[in-house]
Each structure stands twice: as C-alpha cells, then as structure tokens.
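Only one chain is shown below, in structure tokens, and it's the form predicted alone.
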Amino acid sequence: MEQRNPGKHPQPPRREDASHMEYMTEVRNFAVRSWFPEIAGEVGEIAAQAGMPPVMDARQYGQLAPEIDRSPAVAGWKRVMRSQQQLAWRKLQDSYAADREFWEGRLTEAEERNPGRLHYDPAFKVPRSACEDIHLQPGGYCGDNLAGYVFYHGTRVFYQGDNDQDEIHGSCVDAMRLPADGQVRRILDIGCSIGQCATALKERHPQAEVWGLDVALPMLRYAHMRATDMGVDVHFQQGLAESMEQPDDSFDAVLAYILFHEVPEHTFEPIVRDIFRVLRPGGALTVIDTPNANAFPAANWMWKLFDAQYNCEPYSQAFGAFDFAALLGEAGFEDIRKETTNTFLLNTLATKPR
C-alpha cells in the first residue's frame, strides 16, 4: 500500500499495479512513438489520393473516415490505443476501490490537517458537460471520490514516462507569460485538476498566493492532499471557469493548461471573458492546449478525429477548429502570440491592457 505521506510522487497501491503501469507505458510508447508515424503517413497518403489539402479540419477528416478505417494498420492502432487506456484505468480503479475507506480517509485527514485551503460548497451543481468519461476514465473526473488518485497514476502512463517528476507541468510554468512590471502577487491555475501546475507555480513564485480552480471536487481533494503532503501552500476552489467567485482585477497571471479542449464550445467566450475580468490591468494569460484553427498538417488526424471518437474527447474537435486567438482579441486582450512547445501542444499568450 502507498506510503502514508507520499508527497510529490506517490506509488500506486501495490507493486503489481506499478508493474502494470510500466507495461502500459511501454505499450503506449510503442503505439505513439514507433507505430503512429507510419499511421500518420498512411492517413496523409489517403488524403492526398482523395485530393484533400495538406491541412484539413475535422469535417474533412470525417469525410475520409470510411477510407481511413479500411486500413488494417489504422484499425489495429486504434484498438491498441483504446485498449491500453481502458486497461490502465480499470487496474487502478479496482486497486483503489479495494481499500476505498483507507484512501477516502486520507483525503479527509488532509482536510483536517490543513483547513482553509480547500474551498467548496456541498450544494455546488456539476454541469452535465463535465461528467463525461474523459480519456475513457470510468466516471470521469467527477464521478468517483477516488478519481484524483486514479488520474494521477493513469496520466503518468498517458505522458509516456516523460512527466514522472512533473517535468511537463514545470515546463508549462516556465513558459508562462508574466506581467511586464514583474509584479506577481496572485496567480490562478484554471482547470487545475490534481494541482500539478498549481504546486509548481507556488514553488516557482513562493511569494505569490496561488489558487487552483476546477469543477471536479474529487480532483481538488486529491490536489489539496498532495499539496499538503508536499508542504506547498496552495488554495484549491471548486467552481466554473465561466463564472468564477473571484474579485475583478485580482490576479496578476492566469494559466489554463489543457482546459479548453475539454469544455463545450459555448463556454469558450464566457470563460475568456471571466479570465479577462479577474486579471488586473497588465496581467498576463497563458493558454497551453492542443493546436487550433487548423494549425498543424494532416498527420495530426490523431486529435482531430481519433481522440474525439475513440478516446472520449467530445469537445476536442470544436476547439481544434476554433480561432482561439481571434476570441482573445475580441475579449480585449492584446499582444496575442502563439508559440510551439517541445510537445504537440501550443502556447497562446496574451496580456490585459493597462
């Protein structure tokens, strides 16, 4: 069973689970790093033969879907990717559920040890849109009290071993835009899930008050327990990104890491406008997410079609086709820039005018 105060990098409940996760990581590594380039090339050839442009939107990929799905290699790759996700989640969920009382007790104990840092209203209503089994995680982020534990270990597999020490979250914090005047007193991590960016923000800016906001209480409870075990002082709040209970002009910087491709399109504008509201004049916004507005070529069919249809990412297609930079400009942001990262993600940086 996991050590009592696991801190930053806990192990799963049993050694058997750790071995299983290592195996699933290798399966995913093979499928993504070795096999997928061949699949992408085949998809590109099919698109070229159909007379499609090198850069396509989700609708055009959808038109090609019947032809793409006739490929045995593509069908096999999709089956491996989906089964790997399902097997990893199921193993973790079963292991934690076997000692549910203990693991739920650890969450409660952390709230008692460190009160005043986890903020939620028991009457809060989670919107239906947040209850999908995102990434095929059974119950999604909101449906099981132990979802945070499962998410932590499952996403270590998803990151293919590249984030075992929170390296990717640390790089996100490094890539953040900060106010030009250098004043960083309050920072908001919006859509914080289990708080990996939030704790990294506090470690990087120890003088600042850091808040993490998310709709899923199970994720926030785990984030609070993890930060407490780490000795990192972060506030975590349950709430909606489109109607935050934070004062106007109250944050110097806001980070949204892989939030927007997991929310419905009709929430894009209200979320952006509420971020604009809570940022102070001169405050900075950093959005790190999947590329949008057809920014990448046909080989990236993976997240425009596969993720939506086979990996339970019901909102990713809409974000992939959306001109997000234009929305930021309409909301009043300035100096809007897009920067590529060392992953497939895209950074969009913006500033609220003084």
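Residues carry their position along the shown sequence, with the first being 1. This structure is a prediction, so every number in the text was calculated from the model and none was measured.
Only in words, not in the display: the form predicted in complex with a small molecule, which the text now covers.
Trainee: Do Met219 and the small molecule come within 4.5 Å of each other in the predicted bound form, heavy atoms counted?
Mentor: Close contact exists here: in the predicted bound form, Met219 approaches the small molecule to within 4.5 Å, heavy atoms only.
Trainee: Even though the small molecule is not shown here, does Leu87 get within 4.5 Å of it in the predicted bound form, heavy atoms only?
Mentor: Leu87 lies outside the contact set for the small molecule.
Trainee: Please tell me whether any heavy atom belonging to Gly170 falls inside 4.5 Å of a heavy atom of the small molecule, as the geometry stands in the predicted bound form.
Mentor: No, Gly170 is distant from the partner.
Trainee: So, in the predicted bound form, is Gln137 in contact with the small molecule at a 4.5 angstroms heavy atom limit?
Mentor: It does not: once the small molecule is placed as it appears in the predicted bound form, Gln137 has no heavy atom within 4.5 Å of it.
Trainee: Note which of Val278, Val157, Val272, Leu240 lies within 4.5 Å of the small molecule in the predicted bound form, where distance is taken over heavy atoms; exactly one does.
Mentor: Residue within 4.5 Å of the partner: Leu240.
Trainee: State the residue from Ala227, Ala147, Leu92, Cys192 whose non-hydrogen atoms include one within 4.5 Å of the small molecule in the predicted bound form.
Mentor: After the contact test, the surviving option is Cys192.
Trainee: Choose one stretch from 232 to 240, 70 to 78, 200 to 208, 96 to 104: the one whose residues place a heavy atom within 4.5 angstroms of the small molecule in the predicted bound form.
Mentor: Heavy-atom contact with the partner occurs in 232 to 240.
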